[in-house]
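The chain below stands alone and is given in structure tokens; this is the form predicted alone.
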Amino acid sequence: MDGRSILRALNSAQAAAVEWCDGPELVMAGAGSGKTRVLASKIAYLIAEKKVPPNRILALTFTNKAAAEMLERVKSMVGGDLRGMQVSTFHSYGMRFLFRNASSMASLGYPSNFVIFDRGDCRNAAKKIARHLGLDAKGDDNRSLADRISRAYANCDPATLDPDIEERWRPAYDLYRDELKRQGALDFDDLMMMPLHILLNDRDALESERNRVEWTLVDECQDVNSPQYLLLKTLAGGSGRLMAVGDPDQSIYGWRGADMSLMMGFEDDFRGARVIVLDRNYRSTSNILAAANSVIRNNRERRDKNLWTDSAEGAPVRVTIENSDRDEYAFITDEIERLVLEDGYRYGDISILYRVNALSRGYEQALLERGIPYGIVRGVAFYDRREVKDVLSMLRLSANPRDAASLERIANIPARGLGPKGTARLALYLSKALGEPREIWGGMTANPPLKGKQGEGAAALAKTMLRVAEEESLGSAIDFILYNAGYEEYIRDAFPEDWEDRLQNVREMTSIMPDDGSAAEALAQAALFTDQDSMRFGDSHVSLMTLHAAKGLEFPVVFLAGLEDGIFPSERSLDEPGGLEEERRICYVGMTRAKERLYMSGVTRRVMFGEFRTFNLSRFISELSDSAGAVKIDDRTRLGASGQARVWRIPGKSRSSGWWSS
């Protein structure tokens, strides 16, 4: 496909965004406006029309799933050999940069085969340090030490890596950083801070990286944090060959460091930047968009944008107000059955979204009692599953004997006589051992560093690690662990009720883990995969998930439930600067997941944490605009059991009691 063909397949605003190549560009892409299509088309246009070599294009996003989708779209447009094109997450880019710059890592005290500690590994390390120092790990504001260290590190000066942290936490911070270095490990924050540190202090590395990258494109720019944004500025330099795509109205990750103001200030940082707004929606009906627009326009920190569509009006957004959570469950399950039996929807077309996981139990129980098939999508990393972490730890330890976290996890799995004391002695020995991994494990097999049963266990572990390290591929190494090292038998005995599912999870690793690059790179990459990268939605079940987990997804039918002040918006958000506006953006994201039908429900009484609580309805419901019949309200607390629906007109609203005058 040539450049003209690429542009003809787009609407006028999309084509303008793709064709502009004369400087930095900011694309404000509303929900459902085709941002992935625009990004993929831009890459294809650069290759086909501007003759930019694929290996000199860097496209950054936040999930491996999004990166893979973008790459596939580019392939479908330009074909040919796209090997070397860099389409990845920020963290994957950082990881590969560090592997490419092994000499710089060595100067900082890290091995070339470093491992990546996941959140669980980091928290465990921080807890041990807190106990060692006699600290209250959660501190005054109930923030864990690991999170405190992460914030201090992410906000430090990357040129010096000197954190801004309270003096009482500084010893713990220093011990944590030293402990990771001792184990040859990095955490997620390192994957941004270390590349920045190297780029800002090593002119040759900076020039080399800029020569590798002619164009940089970033997706979901509203979700970048300060280090990620600084990385973009550093790579772009004065070239201006940068395209940033995102939507401030969908910025919902402030709690993990995302800073929407960075995207809002893009034009100050990149002078002469062209700004293009994509506000034509290809996902939702006009009634759904009218309702979503009426909510989000109440935010002050945003750029004016009004989503519109050429599609039909569709069904009005249905707002249902119930007396109790049980009544809400009954309404949702009744409506799901009606949608399937009468309107021809499939269970897989339907999703129930809620603000907090604590609400999921009630919806799950109601679906179970009705015999409606469902699946819960949780924001738990694939590699946080116990059996997957076990096997991953064996792979990591075989490649890096200094990895004490992995050793502690699997030293006695399967049982081999290595208790906590023996494991601690073995960890101390391995931290001082010299040589390549195979040399260390081979030496231990013949001459274990411990005595008696502990020595036998250490030798058995070393023999397994040596065999794993000698396998030619990760797939064969995993097979060896399962079928030759006794792990399949272990999970059969330890988890008789679901051992087959656990076995399948381990085998799934071979299809998810990357097969390019070194084994060390593949193992490091594994820590960066999440459930969102492996989500699969079929026709067979209703999906239940939090609103954060739903980001980037879409469903024909969405039930947005639990709309009560104190739950959504959350109580905590009302006291935090910008908190309410972020909650409103979360609501907007949930509403714009719906393609054809949107239901919004709230109750006046709900059981929370074992007790009845009374609520005012969410202020987001009161912000809905009728917009010529776009919203229909069914207030069962006023209408009683008849449940007769009526169109909601809003000549005036009263917030004093949490109800409305109409």
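In case it trips you up, residue 1 is the first one in the sequence shown, and so on. Since this is a predicted model, take the numbers as computed values, not measurements. Here the rigid core means the biggest group of C-alpha atoms that line up within 1.5 Å when the two forms are laid on top of each other.
One more form of this protein exists, namely the form predicted together with a small molecule; it is left out here, but the text below deals with it.
Among 416, 283, 467, 210, the residue placing a heavy atom within 4.5 Å of the small molecule in the predicted bound form is 283. Exactly one listed residue, out of 37, 605, 56, 65, brings a non-hydrogen atom to within 4.5 Å of the small molecule in the predicted bound form: 37.
Here the chain stands by itself, but in the predicted bound form one stretch of 344 to 352, 550 to 558, 577 to 585, 442 to 450, 550 to 558, has heavy atoms within 4.5 Å of the small molecule. Not displayed here, the small molecule is approached by residue 31 to within 4.5 Å at the level of heavy atoms in the predicted bound form. Residue contact check for residue 128: none of its heavy atoms lie within 4.5 Å of the small molecule in the predicted bound form. Within 4.5 Å of some heavy atom of the small molecule in the predicted bound form lies at least one heavy atom of residue 10. When contacts are judged by a 4.5 Å heavy atom cut-off, residue 593 counts as touching the small molecule in the predicted bound form. The three residues 14, 73 and 220 all sit with a heavy atom within 4.5 Å of the small molecule in the predicted bound form. Residue displacement note: residue 197 has its CA displaced by under 2 Å between this form and the one not shown (rigid core superposed). Once both forms are fitted on their rigid core, the CA atom of residue 279 lies 2 Å or more apart between this form and the one not shown. Relative to the superposed rigid core, the position of the CA of residue 61 differs between this form and the one not shown by less than 2 Å.
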